[in-house]
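This document opens with one chain alone, in structure tokens, the form predicted alone.
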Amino acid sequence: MPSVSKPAARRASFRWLDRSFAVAGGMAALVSFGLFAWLIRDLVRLGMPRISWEFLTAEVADAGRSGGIGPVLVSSVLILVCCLGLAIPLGTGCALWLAEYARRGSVPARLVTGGVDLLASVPSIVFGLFGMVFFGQTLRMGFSILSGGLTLACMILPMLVRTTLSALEALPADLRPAAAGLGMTRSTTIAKVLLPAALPGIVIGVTLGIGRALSETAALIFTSGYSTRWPETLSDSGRALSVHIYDLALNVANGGPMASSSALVLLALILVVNSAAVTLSERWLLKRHQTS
């Protein structure tokens, strides 16, 4: 029998290993997609029959067993606006300081990054207790939309800092010297060069933060409250959509079908936000490529 050389045997073993990794990766992707499809199938089967314009705009009735989710949707949007209104400036500013002003490896930079990483590992229930004590009691906001939004801002702040910092650090190294060579100040370089170039990465971070904020439950139970009335001001109590789903599923008898409909709406909102973010990032990159 012809003998097989060692290099040929080694190449054959590597090809077998590559095929094994490909099969394992394909199976993992198939299982992940299958779980997602199963979830969507159940939500559509249980919740789609109740989805209508009236469901999206009507008031909550009979503890959520009937009526709609109009006030809940408005409260969720207001909570999200309060959250992003604080988290985006703070997260972007912190990332800019770490990337452009703090000396790499210095004690202040290590303290800030360590604090951000530690903040990212804090459970959401702890943020809820903090928001209830600090925003609700110390600042006398009580159970309000503003209290819930500010608490969520504290939760997503580490994610925004890290994604913005990664986007800034991934920029080409010659951008800063080139801007300095053109006579730009540091602030002008940041505003005119660095932030526009890092915008797609920042948008991704904001998108991830929105997804977490929309799906958060524990922190909002202690801060924004349970009220299902139409909110008039940010100081009013307002029930978020995730809290509404939680309440219908666990505390309301026969509330499962309405919980499924509300969950389907929440999933659709997250999908719309993600799709919009991807589209904006692609258009921004295309525009920069055409103008460069």
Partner chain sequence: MNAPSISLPFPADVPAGSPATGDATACLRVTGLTVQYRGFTALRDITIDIPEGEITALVGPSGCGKSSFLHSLNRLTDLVPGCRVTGSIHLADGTEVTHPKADVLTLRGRVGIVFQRPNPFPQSIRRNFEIPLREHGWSKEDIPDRMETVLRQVGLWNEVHDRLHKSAIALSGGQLQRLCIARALALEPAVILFDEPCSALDPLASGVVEDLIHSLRGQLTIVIVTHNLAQARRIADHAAVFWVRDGAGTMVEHGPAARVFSSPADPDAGLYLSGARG
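Computed from a predicted structure; not experimentally measured. Residue numbers count along the first chain shown, from 1.
We do not show the form predicted together with its partner chain, though everything after this point is about it.
Peer 1: Does residue 212 reach its partner chain in the predicted bound form if we count a contact as any heavy atom within 4.5 Å?
Peer 2: No, residue 212 sits far enough from its partner chain in the predicted bound form that none of its heavy atoms falls within 4.5 Å.
Peer 1: Would you check, heavy atoms only and a 4.5 Å threshold, whether residue 188 touches its partner chain in the predicted bound form?
Peer 2: Answer yes; at least one heavy atom of residue 188 falls within 4.5 Å of its partner chain in the predicted bound form.
Peer 1: Is it the case that residue 196, even though its partner is missing from this view, gets within 4.5 Å of its partner chain in the predicted bound form, heavy atoms only?
Peer 2: Flag for residue 196 set to yes.
Peer 1: Using heavy atoms and a 4.5 Å limit, would one call residue 107 a contact residue for its partner chain in the predicted bound form?
Peer 2: No.
Peer 1: Looking at 184, 102, 218, 119 here, can you tell me which has any non-hydrogen atom within 4.5 angstroms of its partner chain in the predicted bound form?
Peer 2: The option sitting close enough to the partner is 184.
Peer 1: Among 170, 81, 180, 139, which has any heavy atom within 4.5 Å of its partner chain in the predicted bound form?
Peer 2: Selected option: 180.
Peer 1: Residues in which of 170 to 178, 152 to 160, 124 to 132, 110 to 118 have heavy atoms within 4.5 Å of its partner chain in the predicted bound form?
Peer 2: Result for this chain: 170 to 178.
Peer 1: Does anything in 208 to 242 come within 4.5 Å of its partner chain in the predicted bound form by heavy atoms, and if so which residues, in order?
Peer 2: Contacts from 208 to 242: none.
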